[in-house]
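One chain follows as C-alpha cells, the form predicted on its own.
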C-alpha cells in the first residue's frame, strides 16, 4: 500500500512538534525514520496510523485519507503489548478478536485459528503456543507482538522502536527475523529507530528528521544488497552521513 504523508503539522499546546512533515512510501518498501530523541517520531507514527489527528496536513493510504476503521494497519510498539494471563496463542489471537468485535470483521472461529497458526509459524514460535509471557524471552515477546500484527494481514506495518529495549545480540537476531518475514510478505513497513546502524541495516530508505520542531531534513537511499555487511565501506559511509545529518541539526 502506497503511503503519502503530506504537510503534517502537530502541536501540543504552544509546543510545535511536527512542522510540515512530507514524504512518500511506495507499496512494499521498507522505510526507516530516524531523528534525535524526543523529535516527535512516535507522534508521527500515531498520525500515520490514524490514532492521532494532525493540526493540518493529511496522510493518504492508497490515495484515501487514513482511517484506522477502514484501513488495515498493524502497529508494533517498543514495549510488547501482551496480556500476561493469555498464552502466546491467546495473545496473537487477541488482535484478530479486537478487529472482529470493534470493526465488525466477518471471520469464523476456524478462520481466526488458521490466521493465528500461520502467524505463529511465520515468526518461528511454533512449539511455544501454550507458553505465557513470563515464560519466554524478550525477543520471543517481540515475536508475539509481530505475529499479533501480522495475523490481521495488514496493508501497512508500523513499528515504533520495536527492538529498542533488547540487548544487542537479541536485537540483531530480531532484525534478521524481521527481514526474513518482510522478504516473504513484502508488506509496506515504516520503522522508527534511534539506532542509525539498525536503520541502514534494515531499510531501503531512511527519512531523517530534525530536532523540534521536526522537519524532514533528508531522505537517504540505502542502495545496498541484502544481507548487508555492517563493516563494508559503503555501509559505514551511509551510517556516517546519517549521523552527521542528525548531529548538526
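Positions refer to the first chain, counted from 1. Not measured: the values here are computed from a predicted model.
Absent from the display: the form predicted in complex with a small molecule. The rest refers to it.
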TODO: Could you tell me if all three of 81, 88 and 133 have a heavy atom no more than 4.5 Å from the small molecule in the predicted bound form?
DONE: no
Task: Contact test in the predicted bound form: residue 194 vs the small molecule, heavy atoms, 4.5 Å - done: yes
Task: Contact flag, residue 230 vs the small molecule in the predicted bound form, heavy atom cut 4.5 Å - done: no
- [ ] Report whether the minimum heavy atom distance between residue 57 and the small molecule in the predicted bound form is within 4.5 Å.
- [x] no
Task: Interface membership of residue 39, the small molecule in the predicted bound form, 4.5 Å heavy atom rule - done: yes
TODO: May I ask you to choose, among 212, 216, 49, 181, the residue with a heavy atom within 4.5 Å of the small molecule in the predicted bound form?
DONE: 212
Task: Candidate stretches 195 to 203, 61 to 69, 41 to 49, 181 to 189 - the one whose heavy atoms come within 4.5 Å of the small molecule in the predicted bound form - done: 41 to 49
